[in-house]
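Below sits a lone chain in structure tokens, taken as the form predicted alone.
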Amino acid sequence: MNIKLNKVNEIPVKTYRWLKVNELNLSEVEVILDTEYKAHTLRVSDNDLDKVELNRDLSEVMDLNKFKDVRLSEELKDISEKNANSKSCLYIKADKKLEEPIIFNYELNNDNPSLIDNNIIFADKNCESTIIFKYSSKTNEYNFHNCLSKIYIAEGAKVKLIKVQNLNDASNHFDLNLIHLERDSKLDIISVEIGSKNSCTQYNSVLEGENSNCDLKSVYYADKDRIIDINYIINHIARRTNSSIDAKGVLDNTAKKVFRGTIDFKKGAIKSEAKESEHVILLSDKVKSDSIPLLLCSEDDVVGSHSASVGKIDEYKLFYLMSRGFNEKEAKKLIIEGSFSNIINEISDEDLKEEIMDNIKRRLEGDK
């Protein structure tokens, strides 16, 4: 079934229509429905089994109405809520510290060409955990992925959320994440986008509790004629909240990218601080990169900043490395790997870190 998607990743405050960056519109997307998904694996360490509950009715402990007023593509939301072929409800118990990451591993293949996952995660008071989502293709055939995740971080909880997407170059990937943070909670997000034909991601965070903190770090690589569309929104509601957005990307061939990063200080977010930055390396004159860093403010006593830089590889760095015996291709690869490494190195899972860097190296070397 082919559908038309309108107003995906819509920016909170619109700019000129002729710029064509207010939202993503796709005229024809192949959606694969009515299929089972049987390749999902969930790994929880034996030492942590008593600290979590799976498939619990989370409406008992969280108010799902807090996620209702978030602006989403209605088509994608309906697909996830009405046609999900993979559902997960993860409850992390209060005052528990998980020793190892919880890993959701999704592999798409000829028998499982479509994944529509609907996830609800509740991190209870003062718990600590790392949660990893991996999406990959084991075939060159078309895959369809659509995800809707609702994540609630309770008072004092500390969570690291890592999402890695490496689908094949024929696929469509849509990943919508709605996040709510309570008092003194902290969420660190690492998003890695290195695959798919069309990659569309949204993280919409609401810092409703005083002293809550959300840090979002992102790495993306796009080559050929791929499209990457990013929409990060952080809403500061309570006093003394803190957030940051740090995105680093590489574009090659005729790839296109739109980055929308919005920090919104609502009335009452006194003494809050936020910053956002994006750094993009262009490897071709034919790529297109649009960056829309947006600061919205309804409160006086706040601190906010944003920056964006787009350009080719620094010639002085390139010259220095080549003077040390590297050829041009090797030098460029080292510079790009170095740009990504400070974010990738924050992943504690060594196997996953190595897997990500290997995939990035293969793409840089032209072995897709």
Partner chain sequence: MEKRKKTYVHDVDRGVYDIKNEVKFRYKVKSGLDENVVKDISKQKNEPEWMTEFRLNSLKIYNEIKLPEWGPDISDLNIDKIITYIRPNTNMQGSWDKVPEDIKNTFDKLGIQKAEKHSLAGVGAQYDSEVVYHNIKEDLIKQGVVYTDMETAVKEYEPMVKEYFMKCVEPDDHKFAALHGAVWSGGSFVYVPKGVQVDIPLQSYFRLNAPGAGQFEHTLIIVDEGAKLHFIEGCSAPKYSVNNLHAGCVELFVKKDATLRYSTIENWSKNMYNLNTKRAIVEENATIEWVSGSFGSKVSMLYPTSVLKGKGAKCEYTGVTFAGEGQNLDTGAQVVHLAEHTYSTISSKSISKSGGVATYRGLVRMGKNARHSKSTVSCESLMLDDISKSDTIPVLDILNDEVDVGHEAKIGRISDETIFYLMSRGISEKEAKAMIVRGFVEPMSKELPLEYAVEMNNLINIELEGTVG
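Everything numeric in this text was worked out from a predicted model, so none of it was measured. Numbering follows the first chain given and starts at 1.
One more form of this protein, predicted in complex with its partner chain, exists but is not displayed; see below.
Interface membership of residue 298, defined by any non-hydrogen atom within 4.5 Å of its partner chain in the predicted bound form, is confirmed. Although the partner is absent here, residue 291 lies within 4.5 Å of its partner chain in the predicted bound form, judged by heavy atoms. Although the partner is absent here, residue 77 sits far enough away that none of its heavy atoms falls within 4.5 Å of its partner chain in the predicted bound form. The shortest heavy atom separation between residue 140 and its partner chain in the predicted bound form exceeds 4.5 Å. The candidate stretches are 308-316, 335-343, 48-56, 32-40, and the one lying within 4.5 Å of its partner chain in the predicted bound form by heavy atoms is 308-316. In terms of contact with its partner chain in the predicted bound form, the residue from 93, 183, 239, 248 that brings a heavy atom within 4.5 Å is 239.
For the candidate set 302, 26, 62, 321, a heavy atom within 4.5 Å of its partner chain in the predicted bound form is found for exactly one residue, namely 302.
Candidate site formed by 14, 19 and 282: every one of these residues places a non-hydrogen atom within 4.5 angstroms of its partner chain in the predicted bound form.
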